[in-house]
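Below sits a lone chain in structure tokens, taken as the form predicted on its own.
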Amino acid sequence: MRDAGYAVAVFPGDGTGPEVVREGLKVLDALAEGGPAPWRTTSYPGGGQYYLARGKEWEPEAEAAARAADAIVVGAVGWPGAVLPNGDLAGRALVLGLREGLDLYANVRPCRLYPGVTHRISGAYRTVWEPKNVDLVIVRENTEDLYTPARGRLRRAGETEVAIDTRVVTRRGTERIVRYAYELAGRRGRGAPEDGVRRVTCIDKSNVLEGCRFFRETFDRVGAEYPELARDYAYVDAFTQWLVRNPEHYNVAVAPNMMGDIVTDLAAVLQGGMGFACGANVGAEHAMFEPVHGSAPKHAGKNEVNPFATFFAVEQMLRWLAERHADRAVLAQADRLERAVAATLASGTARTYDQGGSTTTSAAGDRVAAAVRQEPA
């Protein structure tokens, strides 16, 4: 650990972002009680609402702080009417801008179902999947594919005649995301819930798309370096049904950017909804962590949204810092937080509206913080 603690740059963002980030920081404070905090958090304004008020997405010092930080936490960005002159949503710099600027090439989305979490299927709250059968990670390429700037419109007389989005799949981009997935599978010793096999699943559309054929070829070529890991394959359309029908088969899956963006939100259903879905954006030197549910403007200011995705994002951050710096003390804090969250969920005492309950955002944070204090340091 650094003598002054790890510097964590926090961007609460828009809408419900500040509400859930507040609870995440509350839990971090609870973890740090009883001794010097191994991290220093500093919050910076920015996003769509900030753009509407100030005419810019964030201040130069905020961007500099993000680049200098040991880790970054972002709440959510986006607000109705906050649009840049080029048509992009204001607040993009805080998320997509940092992904590009810091080369955060791996989007890592864990999907784990905890006891006590229910699912909303056809309007009813119920338990559909066994918690023991949902424990996987989807790794999504985060810097290329359809999300590159290789796009545009042909306009004549003010009317759009053609809109073009060009897919970019590179050797470097594919090799490093595939290798990240294999390395992650090697560290996840427990393997898939179904059979304990440490398999890596390649999600693509290689029966149709040339970029996906290249993605799968690279998956096989890199995979030959990991003979101890099983290779598995799924066309993305078939994967959507297999994931819901048989989630216990999956351990680590890897996908190109656009396909990964879609299937990770589907996977969130398995863990109870977007209120439990967190994501890490990881590069060689930097990492950014976020709840992925968005700013949810219609819920903003009502103290009702689910903050558990933020707790999981904080846990992800602690685990990344611990691994990067070989810091056993921070790893122990991550384990402590996971136990506290699991105990709170199992008790059923912190269910927010999306779980069929009435617990407020701040009350859920209070209960997790109290559970942290009961866990041995």
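Not measured: the values here are computed from a predicted model. In case it trips you up, residue 1 is the first one in the sequence shown, and so on.
One more form of this protein exists, namely the form predicted in complex with 3-isopropylmalic acid; it is left out here, but the text below deals with it.
With the partner omitted here, the residue from 286, 176, 216, 109 that has a non-hydrogen atom within 4.5 angstroms of 3-isopropylmalic acid in the predicted bound form is 109. Scanning 261, 100, 304, 248 against 3-isopropylmalic acid in the predicted bound form with a 4.5 Å heavy atom cut-off leaves one residue, 261. At the 4.5 Å threshold, heavy atoms of residue 147 reach 3-isopropylmalic acid in the predicted bound form. Although the partner is absent here, residue 266 sits far enough away that none of its heavy atoms falls within 4.5 Å of 3-isopropylmalic acid in the predicted bound form. Residue contact check for residue 96: one or more of its heavy atoms lie within 4.5 Å of 3-isopropylmalic acid in the predicted bound form. Just one listed stretch, out of 156-164, 217-225, 296-304, 139-147, contacts 3-isopropylmalic acid in the predicted bound form at the 4.5 Å heavy atom level, and that stretch is 139-147.
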